[in-house]
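Have a look below at one chain only, the form predicted on its own, in structure tokens format.
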């Protein structure tokens, strides 16, 4: 497939989960990938690079904490030096943890989530802006929590709503240069961010040791479609569409991939 043939994409949070899925799916369509993540994820990031190569792409890896603007600038510049100007940026890295009531949340928990999910997205854009190719696409990964609120998620929902505001502003600022900016909003996705004991316990507080199957039943009840979650590739397909010329006149908008979670009324 050649929808992104010889184009360069940069993906943050690329070592695992949706980030790895984005890298591989884009490579399957001809892209070369700048894959960034934390230094502690080196082994996982190397595996992403291997899978990108198997998919037919070239991968340059780099280490950066997205909260550190200079680290991101250095990593992006290194990738561009190796592969060329960036046709698509996927600000995917984020955190979903330490759920709790708003008034019981510590400053540390609040600040960490805002710094990663919002400031990290901002840093990603500012680090890559000087290296964008003509008619580039910027894709910020938000969440269904960027469309609707949820109990015990003040830090997460606030950060993901703010990402939408950032994208809309950037779309206005960059549109005259032919650069598109959009957000993607996954619901529950079958990655370790959702498939873990802490989330199971949140979903089934009535059980002492809830299982994935227990959690799946709850999540499925929240969706219009009869599934508990979507697969990472379903989100990656939306990212691919926004990265490709097929979406050349789409900017400042949101694509929701959630099995109907945000539209279910009863």
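Keep in mind that what you see is a predicted model, and the values were worked out from it rather than measured. Numbering follows the first chain given and starts at 1.
Separately, the form predicted in complex with a small molecule exists; it is not shown, and the next lines address it.
Taking the partner from elsewhere, residue 16 is found to have a heavy atom lying within 4.5 Å of the small molecule in the model of the complex. Although the partner is absent from this view, residue 202 stays clear of the small molecule in the model of the complex, with no non-hydrogen atom inside 4.5 angstroms. The shortest heavy atom separation between residue 191 and the small molecule in the model of the complex is within 4.5 Å. By the criterion of a heavy atom within 4.5 Å, residue 116 is counted among the residues contacting the small molecule in the model of the complex. From the list 53-61, 203-211, 32-40, 236-244, the contact stretch for the small molecule in the model of the complex under a 4.5 Å heavy atom rule is 32-40. The single contact residue among 76, 167, 141, 88, judged by any heavy atom lying within 4.5 Å of the small molecule in the model of the complex, is 141. Of the residues given (128, 183, 92, 137), 92 alone sits with a heavy atom within 4.5 Å of the small molecule in the model of the complex.
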